[in-house]
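Okay, here we've got a single chain as structure tokens, the form predicted on its own, with questions on binding and movement later.
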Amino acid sequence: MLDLAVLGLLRKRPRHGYELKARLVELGFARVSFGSLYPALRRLEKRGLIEALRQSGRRKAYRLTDLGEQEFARILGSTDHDEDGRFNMRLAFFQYLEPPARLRSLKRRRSHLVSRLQNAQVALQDEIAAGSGDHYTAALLQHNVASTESDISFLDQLIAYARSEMAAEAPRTLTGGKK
């Protein structure tokens, strides 16, 4: 997923390692360390996906290559990354997906979360029925239910927005509007 993040951030403009890390933290991905970022930059450069620009001072800026652009699109469009943090990473770059692909991905994620919610609700009901008196486990299970419900609500908003984007882009020939 770090490759996706680096390629996605470089898609907008060239950046150096410190700037990449700072932007990742802003996006909520604080687990990225310089110890993992700089080897990733070297690996991506070796694969021809990014290239270093002339150095200014001690910092080396990188930019996306055409091959990197293709790899970014491939990774972003892949359905292999629809789980939890991986989905959030992809979501940060949804602006680069075509609207129908965005909508499909959001619906897939929602379906996954609905299934997770059902399992969390059953686990909570089982804990309550067992009557163990374990307040902390019950609280954690309640939190899981509430958190998943919140995530589904968030996705519902994004799905509505994605649908409105698609409707706005749809040809208006049937209503007499311009295409």
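What you see is a predicted model, and the numbers here were worked out from it, not measured in a lab. Position 1 is the first residue in the sequence shown; the rest follow in order.
Quick note: we don't show the form predicted in complex with a further copy of the same chain, though the next part is all about it.
In the predicted bound form, a further copy of the same chain lies farther than 4.5 Å from every heavy atom of E19. Under a 4.5 angstroms non-hydrogen atom cutoff, a further copy of the same chain in the predicted bound form lacks L10 among its neighbouring residues. The shortest heavy atom separation between G28 and a further copy of the same chain in the predicted bound form is within 4.5 Å. For Y38, no non-hydrogen atom is located within 4.5 Å of a further copy of the same chain in the predicted bound form, even though that partner is not displayed. For the options L140, V114, L67, A52, the residue carrying a heavy atom within 4.5 angstroms of a further copy of the same chain in the predicted bound form is L140. When contacts are defined as a non-hydrogen atom within 4.5 Å, all of N119, E127 and H135 contact a further copy of the same chain in the predicted bound form. In the predicted bound form, a further copy of the same chain lies within 4.5 angstroms of at least one heavy atom of each of the following residues of 95-120: Q95, R102, N119, in sequence order.
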